[in-house]
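Given as structure tokens, the chain that follows is alone and in the form predicted alone.
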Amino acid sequence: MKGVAFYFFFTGVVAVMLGMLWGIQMSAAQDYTMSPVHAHLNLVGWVTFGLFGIYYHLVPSAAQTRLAWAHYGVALAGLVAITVGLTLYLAGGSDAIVVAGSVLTVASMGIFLVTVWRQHRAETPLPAAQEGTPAG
């Protein structure tokens, strides 16, 4: 694994490690106030980043685009903003940062949707026009 695939996967592993350690800390302290942050680190961080990394590893032509790197940047910004923003919000602060992180995370998934669709279109040959039927 290399390039953007590695960065997505590695970031996912870091996120789940932080999420697990945070979960252990919450359990030891018997204070689960930050459970939503723990859950977002594990789900948005590990699951989505891990799946993105696997996809880019399995589809190297998609990984070799500037869009893939833009995807990583937007996804990382979203993950950081969601976790930091949610931590601040649960501690009594504003929800502005978590909202921004949510928007970035949805934008990241939109970029991934475009990436998967473009890759599908590039790899799927158009069917040959049959005699007597219009192509299209």
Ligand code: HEM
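When you see a residue number, it is the position in the sequence shown, counting from 1. On a predicted model such as this, the values are computed, not experimentally measured, just so you know.
There is another form of this protein, the form predicted together with the ligand, and it is not shown here; the text below is about that form.
Only one of the listed residues (43, 54, 84, 103) places a non-hydrogen atom within 4.5 angstroms of the ligand in the predicted complex, and that residue is 43. A residue is said to contact a partner when one of its heavy atoms sits within 4.5 Å of a partner heavy atom; residue 50 fails this definition for the ligand in the predicted complex, lying far away.
Within 4.5 Å of some heavy atom of the ligand in the predicted complex lies at least one heavy atom of residue 35. Interface membership of residue 114, defined by any non-hydrogen atom within 4.5 Å of the ligand in the predicted complex, is ruled out.
When the ligand is considered in the predicted complex, residue 27 lines it closely, a heavy atom lying within 4.5 Å.
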